[in-house]
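Just the one chain here, the form predicted on its own, laid out as structure tokens.
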Amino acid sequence: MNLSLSLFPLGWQHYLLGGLLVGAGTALLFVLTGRIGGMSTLFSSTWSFVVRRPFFQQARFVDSRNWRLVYALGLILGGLVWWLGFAGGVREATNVPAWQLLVGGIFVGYGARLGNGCTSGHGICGLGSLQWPSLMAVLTFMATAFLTANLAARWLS
């Protein structure tokens, strides 16, 4: 079997184009404004509007939440443009049970807070700015993801 088809059964071109656009967007944000566009900080900053716990009221979240909210709006609009313009408005769905998504989300959210950043923050922004801790974080994310995916494929299917 062709290796490309086994690794990317839906084709690889859209992954390449999406990666290039994400990389270009975060690079432009950093070069033009000096700001880092990681998603876990964006998420925490957005929560600072409604959650009054001290963690979410840190200056780094409160002081940056206005531009991060605009950034988040751009992410949503970009996805909407793709969905309406290129996917024909076809609804995307998954066969993964809700409980597995919830458990995975809890692990990812807790890990992002524990690691002081998520995959996009460390993987795209951190590696892009040559941050050594981000390389260690990404290697840990990837090793854990490969191990977990292989174990889950054996036990859950």
Partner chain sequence: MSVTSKTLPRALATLVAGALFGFGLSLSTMIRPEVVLSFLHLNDFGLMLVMGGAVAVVVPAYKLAPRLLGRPLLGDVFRRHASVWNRDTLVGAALFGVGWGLCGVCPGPAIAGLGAGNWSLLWALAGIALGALLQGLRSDARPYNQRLTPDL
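Remember, predicted model here, so these are calculated numbers, not experimental data. Heads up, when I say rigid core I mean the largest set of C-alphas that superpose within 1.5 Å between the two forms. Numbering follows the first chain given and starts at 1.
Below, we turn to the form predicted together with the partner chain, even though it does not appear here.
Not displayed here, the partner chain is approached by L102 to within 4.5 Å at the level of heavy atoms in the predicted complex. By the criterion of a heavy atom within 4.5 Å, F49 is excluded from the residues contacting the partner chain in the predicted complex. Mapping the unseen interface onto this chain, I106 counts among the residues with a heavy atom inside 4.5 Å of the partner chain in the predicted complex.
Within this chain, R35 lines the site of the partner chain in the predicted complex, having a heavy atom no more than 4.5 Å away. Of the residues in 43-57, those that come within 4.5 Å of the partner chain in the predicted complex through at least one heavy atom are, in sequence order, F43, S44, W47, V51, R53, P54, F55, F56.
With the core superposed, F146 shows a C-alpha displacement below 2 Å between the shown form and the other one. Once the cores line up, the CA of F49 ends up 2 angstroms or more apart between the shown form and the other one.
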